[in-house]
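We give structure tokens for two forms of one protein chain below, kept apart as structure 1 and structure 2.
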Structure 1
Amino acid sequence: MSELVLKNICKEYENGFKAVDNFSLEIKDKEFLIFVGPSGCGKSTTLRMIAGLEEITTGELWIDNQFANYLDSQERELSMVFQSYALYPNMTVYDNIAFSLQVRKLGKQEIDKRVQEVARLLGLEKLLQQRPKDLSGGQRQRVAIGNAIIREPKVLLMDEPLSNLDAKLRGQMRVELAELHKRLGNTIIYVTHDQTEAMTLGTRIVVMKDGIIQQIDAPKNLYENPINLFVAGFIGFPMMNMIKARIMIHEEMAYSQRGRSAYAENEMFYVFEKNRIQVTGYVKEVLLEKDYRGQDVIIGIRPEHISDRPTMNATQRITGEVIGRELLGSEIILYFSILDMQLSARVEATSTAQVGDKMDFFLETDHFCVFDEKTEENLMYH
């Protein structure tokens, strides 16, 4: 059993900089929890406070129902993988992995048994007598993980463990980490600035910005139901398309068109320049209820909700010029410009669109996010 509770934790550095503000979170047993956010948003600081490497300025940290603010790192029984791996340069791989057991004065045979076990798990058997400087980046990373898991710690903390690896190795290690978590079944808190890592590994994700938690949710919910503009833009690749528009309904529209009543009564539209996209269904209800008539909003559209052909759901049309085309195997990302904006669409690989083409794109309006222009909150968040 390992449960962590963070209550209103704040961190203010000696220079007065507030790196973490009012951080509250409950971490359950066996969770693979991710802290994600741009560089400098306080992820490492939070992790280091949990590990006992950084003092908690205010707030409470509870580990397994024990008040842990003032426990030394040594007493917290957590283990950590550092971004730089922090391998002991003068020790062999064997000693690097065995260190935490050696300092606990376990028997030599017991240690040896567990080191061999971990080495087998991580494919390090042949390297045990090497020194860290003779290892490749991926091997070092495995050694760091080996050292962290050999103790079967309550909670495993990882600070950007993959950021020093090349892209291919990173992908591979991502899969292995997920498997490792399944096999070991311990609680993992994992820090990354890479949303792909966060989305593929986490069972729950904490999105942070400027030391403040933005949203805590499962990957799928985070993607489909972001709480605000920041989360929507940070999660997902290619990035969510953002379009500034004004909400208008029939009367106002008619007014601006000087009496030429081309639209049925009570129809609602997003309007930007000469483009009009009709708002229907649930989104329209919400906007009416919150009374956003005539207000500026930002609409957010995931690339997969823009299609190059009309479908059942994608009926609304806008016209743009294709400026880029990226083949991703089974699908294509089309980048196109409309007015002075750049948007992207995820379309099927059969698309024949070429750079320079002027073409129609079709929008699945039911999946739009709509953000208040000032508060940047997602009006569709539920």
Structure 2
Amino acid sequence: MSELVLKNICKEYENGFKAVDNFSLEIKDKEFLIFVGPSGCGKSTTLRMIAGLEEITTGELWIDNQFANYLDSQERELSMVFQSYALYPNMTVYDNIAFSLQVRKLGKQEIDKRVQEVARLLGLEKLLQQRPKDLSGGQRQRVAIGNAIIREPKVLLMDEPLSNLDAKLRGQMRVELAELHKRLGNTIIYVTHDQTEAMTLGTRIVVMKDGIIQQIDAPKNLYENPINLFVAGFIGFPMMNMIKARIMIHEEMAYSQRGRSAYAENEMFYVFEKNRIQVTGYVKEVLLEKDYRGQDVIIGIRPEHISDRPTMNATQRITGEVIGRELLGSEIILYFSILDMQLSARVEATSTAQVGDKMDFFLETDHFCVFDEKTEENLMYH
């Protein structure tokens, strides 16, 4: 079992700066947990407190039901992989992987057996006599991982391990790390500012801002059901479109065939930049229940839910001018403006839209998130 519990963890420095504030989390056995957020949000500091490299100011850390605040880092039975690889340049790959076992004075046969097993697992068998300077970035990172997992730690901690690699190698290493987690079956806590890594690797993701947890969720739900404006804007590329609007009710007079007048059912609309989009379904129910008539809100909609042609789901129309076009092979990202707003749409590669075109775009309103303008909370969150 490799379970960790953090209870109200805080990290405050002598100058009064609070890097982590009231961080509470239960990390399950065999979980691949990701800490993600912008630079300075406290994710690496939290990882270092778990590792024993930073003192915990207040709060409790429990590792497998053992109070761990004051345990030395080596007593916690954790291993850490750093951004900078942290390899000994004068040692071979074999000795870099074996070093922690040599320090513990394990027998040569046992060390050799475990080094060979790790080398096979990481595809390093033919590189064991090489030195770090002879290896590529991806190979060096594999050696660093090998040095960490050979100790058979309860938990593997990773602090932005892929940030020094180029885009191609990062993609390759993401696949390898996911496969490694399946094969080892251990608990991994992984820090990154790269949302692509977070979304593709994590079983759960912890989104942080200014030392505070914003949302903890599975990748799919985090993307589709963000709790607030920050999470919605941070997760996803291109980022979620944000449209400032006002909720308005319009009552229209209806006449029966007999000439008697009656009020039709109230119609609700988002009104922005001379556009009027009808509110329907579940979203309408929520806004009526919370009485948002006449209130300012921010509409959030992902680029994939905006089309350059009407579809069965995309029927509400707005008009904008194309100001940018990015061909991504199987799809195109169109950037368009509506007065002072810049939005984006993910459309099919067959689209003929060009920069400068004034054209209609169609929205899937069922996929709207609606945020309170003041609190920035997602009114649709559930």
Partner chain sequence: MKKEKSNIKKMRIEPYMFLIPSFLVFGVFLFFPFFKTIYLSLYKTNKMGQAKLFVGLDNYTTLFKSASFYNSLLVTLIFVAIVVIGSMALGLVTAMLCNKTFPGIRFFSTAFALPMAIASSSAAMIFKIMLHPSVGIINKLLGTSINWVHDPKYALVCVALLTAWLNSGINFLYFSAGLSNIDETIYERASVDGANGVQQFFRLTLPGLAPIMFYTLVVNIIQAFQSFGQVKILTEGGPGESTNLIVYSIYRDAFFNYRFGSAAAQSVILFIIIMVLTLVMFRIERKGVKY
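Reference numbering: structure 1, starting with residue 1. The shown structure was predicted, so the numbers you read here are calculated from the model rather than taken from an experiment. Definition used throughout: the rigid core is the maximal C-alpha set that superposes within 1.5 Å between two forms.
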| item | value |
| --- | --- |
| Assignment: the form predicted on its own | 2 |
| Core-aligned CA displacement of Phe237 at least 2 Å between structure 1 and structure 2 | no |
| Large Cα shift (2 Å or above) at Ala178 between structure 1 and structure 2, core-fitted | no |
| Core fit, then Gly123 C-alpha moves 2 Å or more between structure 1 and structure 2 | yes |
| Following rigid core superposition, Cα shift of Thr92 between structure 1 and structure 2 in Å | 3.0 |
